[in-house]
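Next up: just one chain, as structure tokens, the form predicted alone.
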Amino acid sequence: MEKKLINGEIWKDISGNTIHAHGGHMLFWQGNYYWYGENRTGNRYVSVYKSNDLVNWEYVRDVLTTNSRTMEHRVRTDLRLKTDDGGKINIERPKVIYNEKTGKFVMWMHMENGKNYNQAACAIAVANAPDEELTYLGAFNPCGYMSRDCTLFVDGSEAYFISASRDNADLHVYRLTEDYLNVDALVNRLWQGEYREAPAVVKHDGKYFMFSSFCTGWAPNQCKYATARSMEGRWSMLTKIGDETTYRTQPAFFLNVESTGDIYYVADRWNGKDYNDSRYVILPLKFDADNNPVLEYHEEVKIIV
């Protein structure tokens, strides 16, 4: 079935309400796509929507709020979901993957203390179903390092957490433990001093591609990508893609449509003056004869699922 999306417009759910899924991620499960993302309205942190056609989205629930259940974890973590004065912390870039061994849906995200960006921690939460409210397992600094903009990537039997570290100067790649609830090892430190954030990873024809943006706050900039033959191997130098502002977007994640094999670049078009008015852009990611990625802008995007 062919559907169309209009990039940069306000996208609304089937009830007519604005979709708040910023900096998010999608998970395909039992015939539906689940779209998780930041929702900073009220006491919310993360909301989830579902769709079977990637155009018509149903609001499901708020999966993480200031009142979500917390649970002690074998990792020593900060379990606070509110500041000491009752305010909100910051939860950003939530990503969810499914663990086949444990049957758990696991979210990793960027957490800050709500007052500044000095905590620079990752946080984890779990659920038994994609539409269930998460149990928050807390925030920590992986291997003692700062952790800000982040993503998850599953590669066969392994899962990886990638996040900006050292005040965003480097990108760290961590292999996760079998249950996805801790880091097993820091396996790569990439592009030291080049200040990359908003990482997103996709695999095509045996090659890994990591997109990222430069650190310019809310303002868009030139996206770059690098390639590798292994997540834990050597990555190439960075190459520009898109125009000088990546069509006024910042990477959020790549979406693989299993039924067609198509890959889409899903991005945020941030509004620094009014965060809740930030928009979304989805573009087809193509590859040339040499397996180099090609990203072109389209106002309307047709999606076949």
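Start at 1 with the first residue shown and count on from there. Just so it is clear, the model here is predicted, and its values are computed rather than measured.
There is another form of this protein, the form predicted in complex with beta-D-galactopyranose (GAL), and it is not shown here; the text below is about that form.
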item	value
In the predicted bound form, Gly217 touching beta-D-galactopyranose (GAL) (heavy atom, 4.5 Å)	yes
Proximity of Asp149 to beta-D-galactopyranose (GAL) in the predicted bound form, heavy atoms at 4.5 Å	yes
Contact label in the predicted bound form: Glu197 to beta-D-galactopyranose (GAL), heavy atom within 4.5 Å	yes
Partner proximity in the predicted bound form: Thr246 to beta-D-galactopyranose (GAL), non-hydrogen atom cutoff 4.5 Å	no
Option from 85 to 93, 223 to 231, 133 to 141, 151 to 159 whose residues, in the predicted bound form, bring a heavy atom within 4.5 Å of beta-D-galactopyranose (GAL)	85 to 93
Residues from 111 to 135 in contact with beta-D-galactopyranose (GAL) (non-hydrogen atom within 4.5 Å) in the predicted bound form	Tyr117
